[in-house]
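First comes one chain, alone, set out as structure tokens in the form predicted on its own.
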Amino acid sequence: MPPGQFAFPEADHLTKSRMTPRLLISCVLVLASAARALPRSAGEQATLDSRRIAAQVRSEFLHAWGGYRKYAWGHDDLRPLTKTYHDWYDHTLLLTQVDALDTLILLGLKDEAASTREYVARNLSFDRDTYVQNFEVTIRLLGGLLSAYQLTGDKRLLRLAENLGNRLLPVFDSPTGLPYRFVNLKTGKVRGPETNPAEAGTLLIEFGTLAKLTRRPVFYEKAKRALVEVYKRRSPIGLVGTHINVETGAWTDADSHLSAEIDSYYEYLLKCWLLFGDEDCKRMWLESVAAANKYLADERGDGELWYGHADMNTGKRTATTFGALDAFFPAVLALSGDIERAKRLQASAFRMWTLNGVEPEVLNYRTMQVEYAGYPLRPEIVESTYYLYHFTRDPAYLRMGETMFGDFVKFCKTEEAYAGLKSVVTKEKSDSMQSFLFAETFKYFYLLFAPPKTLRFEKVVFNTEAHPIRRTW
């Protein structure tokens, strides 16, 4: 008999017995008391532990948020060690406030969310004579404004998003349709003709959503063309390189991988199919992931699975490195339905984390030596843990998340905020706390342990900055 369950006599047996009603009630009470005394099932215990850890995540979020509020309010980032602020450009764009807004809402921090939203609506201006990086501004600011608008219905946020979208559109005016990397928000001038698949192809969720909500198809058309133009220039074996010239369409770096500068290109091929029902994106995703699985996947001893680097034209292995950014791929595989491959890759990513107690930016998985030891508070491995727990309900992923959160607090918490690490080996901290800590890392930790009703996973698609977008159109 399973623990915690009891076999009761059939009802007709009770009716025929000499047991009095009072005695029957007493027996039931005894059995109920005994049931409460038994060890809870794994599912019940996981639920109780999840609530406790979710509360801890919320508390640590508030600790970091309090430091930002105290020392950097109204600026892009907090420098946690010197307790000063950092702005990306000549003027603040309120990166942390916009990036954090939907997380404040999901964590149920109503007063903080309301005051932050009001501050953003009243103070954020894009009328700045400065060049900004299109990719980062799109995923953090445009994505954050659109998500917060959908969660609140505050049309001021949608107006800000449309204003920003208008100012970013000139990046697409290249001979190929591939976007320039930088644009001046005031003049519309562009620069940066060498880009990469991630920066060129990680725009359609945000621009496409803006198009749907404003009924202005130009945003969708420009961003989709950019994604298609990257895909069209894949090699004969289906891989893309690291760098490409937006004016000539020629590749300037043939290194292919899932890491920085390519990573979210794959993510958006899949997610734009799911969010918009775009069959072109579906076709491009299926062909691209097949090539990645064939040439980038690296089977090691004892069934280990990693994804390394290869030449985009020949498929020849060029490096056996995997890192914190690559750890997004188990989530994407799980979302696509490839659960078994996702589980194997997540096991490798977690091994990378436990090697030093925190994951490094780059690991050589052949030698298990750290090649770049920094940790800027990245979220990707937490994101994949959340996705895998959602799809499998395996408590192992809760335990994995609990381990990572404990390490995260132990090594990255400061007196009044959180700080990245210069080295996961020495644990020396860096004076940096980027906005994605609030947008992504804390959000995914919280959603992993919070009740499923906190956010209906099946009703949203997360952009690469973890801003949930709902198909409301």
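Numbers follow the displayed sequence, beginning with 1. Here the structure is a predicted model, which is why all the values come from computation and not from measurement.
If you look for the form predicted together with ligand DMJ, you will not find it shown, but the lines that follow are about it.
Asks: Test of understanding: in the predicted complex, would residue 136 fall inside 4.5 Å of ligand DMJ by heavy atoms?
Replies: Flag for residue 136 set to yes.
Asks: Would residue 325 show up as a contact with ligand DMJ in the predicted complex if we use heavy atoms at 4.5 Å?
Replies: Yes.
Asks: I'd like to check something about residue 224: if you look in the predicted complex, is any of its heavy atoms closer than or equal to 4.5 Å to a heavy atom of ligand DMJ?
Replies: Heavy-atom contact with ligand DMJ at 4.5 Å: absent for residue 224.
Asks: Please tell me whether any heavy atom belonging to residue 378 falls inside 4.5 Å of a heavy atom of ligand DMJ, as the geometry stands in the predicted complex.
Replies: Yes - in the predicted complex, heavy atoms of residue 378 and ligand DMJ come within 4.5 Å of each other.
Asks: Ligand DMJ isn't shown here, but in the predicted complex, which of 412-420, 432-440, 49-57, 62-70 has heavy atoms within 4.5 Å of it?
Replies: Contact-bearing stretch, as computed: 432-440.
Asks: Identify which of 196, 97, 346, 264 has a heavy atom within 4.5 Å of ligand DMJ in the predicted complex; exactly one of them does.
Replies: Partner contact (heavy atom, 4.5 Å) among the options: 264.
Asks: Could you list the residues in 447-473 that come within 4.5 Å of ligand DMJ in the predicted complex, counting only heavy atoms and keeping sequence order?
Replies: Read in sequence order, the residues that approach ligand DMJ (within 4.5 Å, in the predicted complex) are 464, 465.
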